[in-house]
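Here we start with a single chain on its own, the form predicted on its own, put down as structure tokens.
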Amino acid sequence: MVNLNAVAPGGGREYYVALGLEGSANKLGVGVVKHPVVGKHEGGDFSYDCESQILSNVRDTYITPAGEGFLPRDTARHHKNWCVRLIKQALEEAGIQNAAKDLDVICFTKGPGMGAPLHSVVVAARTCSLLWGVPLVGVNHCVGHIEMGREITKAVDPVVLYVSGGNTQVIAYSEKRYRIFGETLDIAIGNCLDRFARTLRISNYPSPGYNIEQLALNCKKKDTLLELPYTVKGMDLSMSGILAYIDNLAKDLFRDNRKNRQLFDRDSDEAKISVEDLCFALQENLFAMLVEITERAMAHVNSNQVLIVGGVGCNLRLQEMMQQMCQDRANGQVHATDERFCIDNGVMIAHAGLLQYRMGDFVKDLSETVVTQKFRTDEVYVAWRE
């Protein structure tokens, strides 16, 4: 039996309010979420339906010039510069007049992520906690994505495909843990797309992956897919070799290397492949690999529901390919959200942290707030689910 009302809200209120701080990569997000006290939460697994109200969800992204990635030091500097402003903005939008009285808990990303940005955000979280006398909760970034996706879509017990710049995992829940069925053996899919965008020297605004998606839509040779390596290994996949292969193709295209007969016609010496074709082929190849391992996980746990979370989950082509697979499996269903919740945000940290807090799991000593770059999804004890 799960009792989500194990800890009463502060001030005699009939609702909980949490502030969430997220800064594990180049996006700094601050959000405020409200959970009403609901009778059904005292017995049963209703963590997917907390009747949450999002009071604010603000975000600022550290954008680098085309062809460049973001370094931990520079990203941390961005977060330090913007953190106080975003916290003030989020509290103002949420109508929080007195944080010390109106907040039940402050939630922060404990990991995984980039060390320096994580540290910048947890310092802000500790400071606010000490100033206002509000308890802290450290949240696993991946679990934050999962719980936000479940709350928004009302997916009860789906197989989860978590795809972002730092993680690629196929996950299913069992016995108080989010079990990892398959994952990348090297780089994450978001990192693969971002690095290819750097090779193409396309803009990092609003995000490299989105810009690759738009280029792929303009591919005029979708019926003749460029052949790329396909590396699924059981339930795992590898993307570094695919990236190296298509990087070389792009460089040969830019150098006008007519000796590459995969790119140039043997008779006319004219280019057969465009940048748009490369983007389309890369997306199709990577997404087909993800669909394959997700379907295998669904068969293993006898599920017909998929929840896609993480920044790459915004990609409409990925959602479409997953939907086609699910429809072939007894009218399965794909659950996904838009960029407000797929991309890193403070609300997901506030929501997942509030679930932990309501089960009595919060920081007892500041020594428990040390952030970590390595924090696997299956390390988290999921007390709020049966």
Partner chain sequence: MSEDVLAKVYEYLTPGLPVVPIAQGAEAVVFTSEKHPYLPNSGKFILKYRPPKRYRHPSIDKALTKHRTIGEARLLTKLFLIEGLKVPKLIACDAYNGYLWLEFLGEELPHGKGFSNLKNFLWMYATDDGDPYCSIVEETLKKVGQQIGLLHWNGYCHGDLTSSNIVLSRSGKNETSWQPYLIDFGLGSTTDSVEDKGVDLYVLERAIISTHSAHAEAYNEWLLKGFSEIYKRYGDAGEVKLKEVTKRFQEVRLRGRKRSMIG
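Since this is a predicted model, take the numbers as computed values, not measurements. Numbering follows the first chain given and starts at 1.
The next section is about a form of this same protein that is not shown, the form predicted in complex with its partner chain.
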Within 4.5 Å of its partner chain in the predicted bound form: all of Ala244, Phe264 and Ile273, by heavy atom? no
Counting any non-hydrogen atom inside 4.5 Å, which residue from Gln169, Asn204, Ser129, Asn315 sits next to its partner chain in the predicted bound form? Gln169
Of the options Ala100, Leu71, Leu185, Val84, which one has a non-hydrogen atom that comes within 4.5 Å of its partner chain in the predicted bound form? Leu185
Should Phe181 be counted as a contact of its partner chain in the predicted bound form, where contact means heavy atoms within 4.5 Å? yes
Close approach of His119 to its partner chain in the predicted bound form, 4.5 Å, heavy atom: no
Proximity of Gln324 to its partner chain in the predicted bound form, heavy atoms at 4.5 Å: yes
Taking the shortest heavy atom distance, is Pro208 within 4.5 Å of its partner chain in the predicted bound form? no
Counting only non-hydrogen atoms, which stretch in 209 to 217, 286 to 294, 246 to 254, 264 to 272 is within 4.5 Å of its partner chain in the predicted bound form? 286 to 294
Output the sequence-ordered list of residues from 231 to 245 with at least one heavy atom within 4.5 Å of its partner chain in the predicted bound form. Val232, Lys233, Gly234, Met235, Asp236
